[in-house]
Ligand SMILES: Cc1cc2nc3c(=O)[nH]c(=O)nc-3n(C[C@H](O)[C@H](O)[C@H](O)COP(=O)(O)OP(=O)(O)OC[C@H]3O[C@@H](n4cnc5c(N)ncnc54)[C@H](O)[C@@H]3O)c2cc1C
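As a starting point, one isolated chain is supplied in structure tokens, in the form predicted alone.
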């Protein structure tokens, strides 16, 4: 029980960003534990994908390539992943907290009889002592995630069963290539010998995938509004500004709960985590529930009428004023200077 497994999710037969983020984090954890990082790819026509993974420091790629495995289907993917874990016995198994990961992770953990921490925002290696028994554990995976609506941060450990399983939210880990010449090995899984007749109970005849309308994780510029924006109509001004800059509109939970914009634009512990090059925090107070989802932005500009708002301390540039006076001036200036 030494290695770290990462389940690699596919989007149109391309490795998803969340999987590359997990591999980057997995490499750091593996270095800390002095063990190997191993990736698992399950699908069809995927034999060329390992070359995408090796630069992220992957030592071994397990490939299950079969037409029965694409598109994703719960039972066969679960069966293959569970069988591989039983054979290789990794100490840690990581899955993205996506719709697929939230479907796969709990089923794998249930079959194995191990714990699973969902929607983690950080992973750290550390020691643990059980105060009741006095037993000490070394090099456990600290699985850190928001709880109670983001009001507290919980650190969860799984000392007695393996693997230690967690699903991790998209955008909280940074993609980092170790070396473009990094080399690992490929192990092909004999799918036909593993799958049973009752593993293939569903046939997908046709799929219709609607493109993602909001892509906050991939946006380089985000104009985000909080409760201080005041209304759904006022968010139209933020959208105009974001469109001008070629960015996306984000929001705090307070703004979403107030109905100013949709949940798919929520940033923070209970929303999306982002790392844009430029982040505008408009009418946002700066509560930890929100800043935890955007404090890794390269540059932050806050606009708030309250000079004592906590967001100003986090910002690189703080503008004290009413947003409905500041933003129109910024729009006008940008248009004038862009001519």
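Residue numbers count along the first chain shown, from 1. Please read these numbers as outputs of a predicted model, since none were measured by experiment. Throughout, rigid core stands for the largest set of C-alpha atoms superposing within 1.5 Å between the two forms.
There is another form of this protein, the form predicted in complex with this ligand, and it is not shown here; the text below is about that form.
None of 171, 228, 146, 101 but one reaches within 4.5 angstroms of this ligand in the predicted bound form through a heavy atom, and that residue is 228. Residue-level contacts in the predicted bound form: of 94, 141, 267, 223, one residue has a heavy atom within 4.5 Å of this ligand, and it is 267. Shown alone here, residue 254 lies within 4.5 Å of this ligand in the predicted bound form, counting heavy atoms only. In the predicted bound form, this ligand sits beyond 4.5 Å of every heavy atom of residue 297.
In the predicted bound form, this ligand lies within 4.5 Å of some heavy atom of residue 289.
Although the partner is absent here, residue 285 lies within 4.5 Å of this ligand in the predicted bound form, judged by heavy atoms. Stretch-level contact check against this ligand in the predicted bound form with heavy atoms at 4.5 Å: of 23-31, 37-45, 297-305, 59-67, the positive one is 297-305. Applying a 4.5 Å heavy atom cutoff to this ligand in the predicted bound form picks out no residue from 85-99. After superposition on the rigid core, the Cα of residue 26 moves by less than 2 Å between the shown form and the other one. If you fit the rigid core between the shown form and the other one, you'll see the Cα of residue 15 move by less than 2 angstroms. The rigid-core alignment places the CA of residue 255 2 Å or more apart between the shown form and the other one.
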